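Okay, here we've got a single chain as structure tokens, the form predicted on its own, with questions on binding and movement later.
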């Protein structure tokens, strides 16, 4: 089982962020944690959820992912309460348990962490069973961090990484954004070379998406901030593939890289091409394999075929629904067999190894060729897809034009 828990609280909202989150409401965290625990308890009693899921054809660990927002605003006691409630759905001793952390909530003059230091906080998380951290660094350029509204400096981010390692975390992911205001390829190359030398084994690198109704969008529209053009951003992506390969990272998903690290224990990544245990994010791989998962909390999304659901995003409405014993669901989207097939393709093609014929058959109950034979041949002819003996995958050119490929299945 895969479980996502949304924590929609932030100390300050980043200028580029379009996610469900609110700033300045930390005094409501206790009430929110109680509601999340109540929602988890109610889901445990839902017979449909217990029996309706389909298993993946690949060997994934059970997963819990605390995302946000800023989950590192939670105290260790609050994290512990949530995990205790979640244990009725996901076996904690077997699970990959990830918590997203913002270095700005743990370091520096603005940091008022629930523990005295990030090291103490991370040690508390390890004691609770959290075994994977995802740190939102985003940039190593302090002026750019200020433009993005981040609370930390580059030096504080590095200290946070060091403390996570000292606390015993072997699985550490860093989030970075490229295509940032004023960023050049030379700047990006320096960032890549710097973080590759750190003691981390996973990187998530995302091209900046300019979301409407964000502060950064307004700044760009007013001409106050300049962004790199599309060709420069594409060159940054190619630079990441080149530099990280040279540093021992395996590019296993369009935006994600992992490298084997000494002492890291993980099931073997299920690919004939990758022969070492890699600390891939099993939770996100579950998304890309289009398997079933639960979403909990205000703004949480879940997928239990044949439907997808989204929880209420308004905090008051969410709390009221849970207190009244109702499932806090705002939108339910029915899914047809053709929806399942399309999503299995365009989600799975994000994986560098592609979509396996066996997985498609297991998930959709039909052969890929029977549904998409003509589409596959057309994309192969355009040089965007290629077939291996057991899968279809994007070519290098296809990775650069991924959204056009994905649209072919809709």
Partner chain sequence: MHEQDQNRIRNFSIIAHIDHGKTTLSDRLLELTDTISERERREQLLDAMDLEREKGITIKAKAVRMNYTAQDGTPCILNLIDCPGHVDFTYEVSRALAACEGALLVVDAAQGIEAQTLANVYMAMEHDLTIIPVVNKIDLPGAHPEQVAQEIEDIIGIEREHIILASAKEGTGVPAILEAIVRLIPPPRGQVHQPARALIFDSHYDAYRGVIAYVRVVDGLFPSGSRVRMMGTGVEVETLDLGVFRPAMMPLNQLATGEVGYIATGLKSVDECQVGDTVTLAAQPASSPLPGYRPAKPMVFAGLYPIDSNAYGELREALDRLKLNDAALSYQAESSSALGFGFRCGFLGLLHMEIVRERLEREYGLDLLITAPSVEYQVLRTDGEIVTVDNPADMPDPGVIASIEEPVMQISIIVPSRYIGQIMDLVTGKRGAFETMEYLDPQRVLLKYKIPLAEMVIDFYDQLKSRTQGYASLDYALTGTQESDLVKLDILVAGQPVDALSLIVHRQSAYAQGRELVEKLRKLIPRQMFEVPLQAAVGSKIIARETIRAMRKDVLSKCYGGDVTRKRKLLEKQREGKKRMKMVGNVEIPQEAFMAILSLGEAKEKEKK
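Residue numbers count along the first chain shown, from 1. Owing to the predicted nature of the structure, the values given are computational and were not obtained by experimental measurement.
One more form of this protein should be noted, the form predicted in complex with its partner chain, which is absent from this view; the next part is about it.
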Pick from 347, 362, 376, 371: which has a non-hydrogen atom within 4.5 Å of its partner chain in the predicted complex?
-> 347
Selected contact from 187, 292, 163, 100, since only one has a non-hydrogen atom within 4.5 angstroms of its partner chain in the predicted complex = 100
Are any of the heavy atoms in residue 233 no more than 4.5 Å from a heavy atom of its partner chain in the predicted complex?
-> yes
Any of the heavy atoms of residue 25 lying within 4.5 Å of its partner chain in the predicted complex?
-> no
Is the gap between residue 87 and its partner chain in the predicted complex 4.5 Å or less for some heavy atom pair?
-> no
Can residue 209 be called a contact residue for its partner chain in the predicted complex at 4.5 Å between heavy atoms?
-> yes
Partner-proximal stretch of 143 to 151, 90 to 98, 120 to 128, 223 to 231 relative to its partner chain in the predicted complex, 4.5 angstroms, heavy atom = 223 to 231
If we check its partner chain in the predicted complex, which of the residues in 374 to 410 reach within 4.5 angstroms of it by a non-hydrogen atom?
-> 382, 384, 397, 399, 400, 401, 402, 403, 404, 406, 407, 408, 410
